[in-house]
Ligand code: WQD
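Consider the single chain below, provided in structure tokens and representing the form predicted on its own.
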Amino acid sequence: MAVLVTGGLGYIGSHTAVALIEKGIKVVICDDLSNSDINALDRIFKITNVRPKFHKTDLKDYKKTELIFKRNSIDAVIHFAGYKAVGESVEKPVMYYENNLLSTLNLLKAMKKFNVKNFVFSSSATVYKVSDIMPLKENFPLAQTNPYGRSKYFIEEILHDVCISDKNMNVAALRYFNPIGAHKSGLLGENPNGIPNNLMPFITKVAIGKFDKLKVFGNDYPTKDGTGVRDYIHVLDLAKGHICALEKLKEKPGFFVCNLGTGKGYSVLEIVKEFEKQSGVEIPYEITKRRPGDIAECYADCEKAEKELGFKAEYSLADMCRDSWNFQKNNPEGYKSVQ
């Protein structure tokens, strides 16, 4: 079995590539390196002693996308490639729709031509309608507040339509919550370009002195300490979820949607305190005003994942913080750090 991992040198993609290789599955990676680093390929090799075949490809180019399928015998696709910054998507919606939709459409065209029928899609909890009712179940109403989330929703709808048109097509759309953490080796982790958009990499950058302090957006939410509560899942658990999804597709489910989270909510300040405990480094922070569109709480109902995928998150918040710090302190310049 050979699996094409698009965006396979990115944060979640690289960890999933390692998990697949460790299961004895052949991996082919494509990535345009616009938000990733070629050095991640060497890190994957160091961990697994296997160097996956790599294609530097922009999936918006159909001919180059088709070449990947011509040159490899692909059995399934795990599709991570896509732009993912919420704020940037508000500023540049056309860029987001063009990249995220066109890359998926080209993949689907190539899959049809080469008779590839199994597809795992990296979706997001941002597809859900803002709600005060928690935890979020897969059958809750969908409504998005930004172009990034809408691009994920549109792709889910496209995939659903494809499965209706082709009864042999099987798709798992995995709605992620908030992945953090890093590989136990310290060789792979979150390696954002520029100023991080997510909480944990910002915390780790403060810890190594790249930033003076963390900005906490609002402390007047109706939560345990006034700061926003989110469902954080270890990236290694998330990678395992994709293996479970591939197994699910063997059952020929057609279009299948599932949350991947822990089912637990942690506040911003809880994350900060646990990180300080695990790292021994104090994280200065300041409270600033709320960000538009942010909500008080967001965490997953994980019953479907456990029942139908056999998936349950195993790593604790302590693990997530400790592994994030282990990667950052050993890689102060990200993948450009010498290993």
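The first residue of the sequence shown is number 1, and the count goes up from there. Model, not experiment: these values are computed from the prediction.
Although not depicted, the form predicted together with the named molecule is the subject of the following passage.
Of the candidate stretches 226-234, 240-248, 254-262, 89-97, only 226-234 has residues whose heavy atoms lie within 4.5 Å of the named molecule in the model of the complex.
Residue-level contacts in the model of the complex: of 214, 169, 187, 76, one residue has a heavy atom within 4.5 Å of the named molecule, and it is 214.
Screening 268, 81, 182, 173 for any heavy atom within 4.5 Å of the named molecule in the model of the complex leaves a single hit, 268. Though the partner is left out of this view, residue 291 does reach within 4.5 Å of the named molecule in the model of the complex, counting heavy atoms only. In the model of the complex, residue 159 stays away from the named molecule, with no heavy atom inside 4.5 Å. A residue is said to contact a partner when one of its heavy atoms sits within 4.5 Å of a partner heavy atom; residue 131 fails this definition for the named molecule in the model of the complex, lying far away. Interface membership of residue 124, defined by any non-hydrogen atom within 4.5 Å of the named molecule in the model of the complex, is confirmed. Contact annotation for 133-150: a single residue, 148, has a non-hydrogen atom within 4.5 angstroms of the named molecule in the model of the complex.
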